[in-house]
Structure formats: structure tokens, C-alpha cells
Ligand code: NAP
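Taking the form predicted on its own, here's one chain by itself in C-alpha cells.
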């Protein structure tokens, strides 16, 4: 089976590494010849090119570009595809992508492998990135079942735990556990930097340890990604941010009024609730 990868960064490169190690023929496309050369040197792909025409031989193509580029890439890709070719993507927002691309290519299956690191580019590609991690597939009523099952089969080859849901349900859930944490993390760092005494800021920077590192990690990531998830999942992100703000106000009120019993009860509930998440 020939697998096409458009976008040879962390996610695309890691998918390619794992699937090639499982005996599949991997064809990679990047906008940069340097990336294509390095992907072949590392053994990430069987063949690489800056030309989308390479995808003519692919049975299934992963679009692993930033969210804002997916629709335009598909438009450029279509003239090179066989009618039976399956397209899928790896974007972290599904509703607008599924709507736009399904109109262009009916054999499209929205997908979201929920794994990653803070690194980027072809050098960041690693084996087993998706093992044990969720891989969400988001078909609509019109998505061909055979295409959905093929994408799920490939996701299981990566060692991922496959989940199937609608695009809207995906976006609402991911707003809570991915997009809201990104914004909360970013605003934590921004708030710390608003401390007026720079000596205190300097001291805090030296004292920061694992708690701050873990809480601030996603907020210190790629700014382009943060803007893209806010733009493409705006409604659901605003909803989650609004509820988060109201909840934060309740915590502030307890501290202002010295209602330590109420604060302790809230913290007990969050301690219990955290165990329900697949961490």
C-alpha cells in the first residue's frame, strides 16, 4: 500500500517513520527541497518531492500541514489523485475542515492524532509517537464507510487508541482539554510578566520549577498554532473560556471572603474529577 504524506514535520514525519517500519511504501511531499532530502537521508520516507504530483501513486494521503493550509493544499492536490484515493488530515479542529474538504473530495475522512512534542520540523519526527494515544476519526453521514475503516486501520497500525465521533463533538471536547489549556497556559505566563517589580520577576524566573514548567508548557508553544485553533474553533473556545472565567471568579470570591471551607471543597472536587481524565 502506498501512503502519501503532505507536510513532513513532527506529525507527518512521525507517521511516516512508523508506517514505513511496518512495511508500507511512504511518499512524502514538502514545500522545501531541503526537508525532502533530509527525510530521505533519515529513512523517514521511501521517496520525497516538492511536487504534489508524487501523490498520484498514493492510495491514502495524510495532509499534515497547518490548519490554514489544508483546504488550499487539497485544491492543488485533487488534479493528481485517483478517484479512489482516500484523503485524511491531522488538524486539531475538525468542523470547518471537514465541511470544506468534503465538498472538494467526498473520500475525505477527518482525523486528529492527539500526540506531539514541543519540537517541530523533520528532525523532530520520532518513532512510536502515537502509541497508546487517542486518534480521533470524525466522519459525517456522507463519509464512505470503507474510507473511515481504512483510516482507522492505519491509526491502529500506529499503535493509537481509535475514537470515532462527529466533527462538532470533537471540537467541543477538544476545546476543553487542548485549546482552553493552551490559552490558560499562555495567560499564566503573560500575567507573571505583568508583575511591576522586575526584580521579583527575575527572582520568580530563577525559582520556577516543575509546577510552573508543566502548567506553562503548552502556552509557550508555536504562536501560529494558538492563533489557528482560536480562529478555527472560535465558538467552542469562547464557550469554554467563558465558563473557565466564571469558575475562576468563584475561586477569587472564596479567597477574597476568606471562605476557606468552600475553597477546600472546590479543591477536593477537582482532585476527584482529575482522575476521570485519560492522563
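Residue numbers count along the first chain shown, from 1. None of these values were measured; they are calculated from a predicted model.
What comes next is about the form predicted together with this ligand, which does not appear here.
Highlighted residues 75, 143 and 150: none comes within 4.5 Å of this ligand in the predicted bound form, counting any heavy atom.
In plain terms, the part of the chain that comes close to this ligand in the predicted bound form, with a heavy atom within 4.5 Å, is 87 to 95 out of 87 to 95, 187 to 195, 155 to 163, 201 to 209. Proximity of residue 3 to this ligand in the predicted bound form falls outside the 4.5 Å heavy atom cutoff.
In the predicted bound form, none of the heavy atoms of residue 110 sits within 4.5 Å of a heavy atom of this ligand. Contact annotation for residue 116: at least one heavy atom lies within 4.5 Å of this ligand in the predicted bound form. A residue is said to contact a partner when one of its heavy atoms sits within 4.5 Å of a partner heavy atom; residue 222 meets this definition for this ligand in the predicted bound form.
With the partner omitted from this view, the residue of 46, 247, 253, 31 that lies near this ligand in the predicted bound form is 31 [heavy atom within 4.5 Å].
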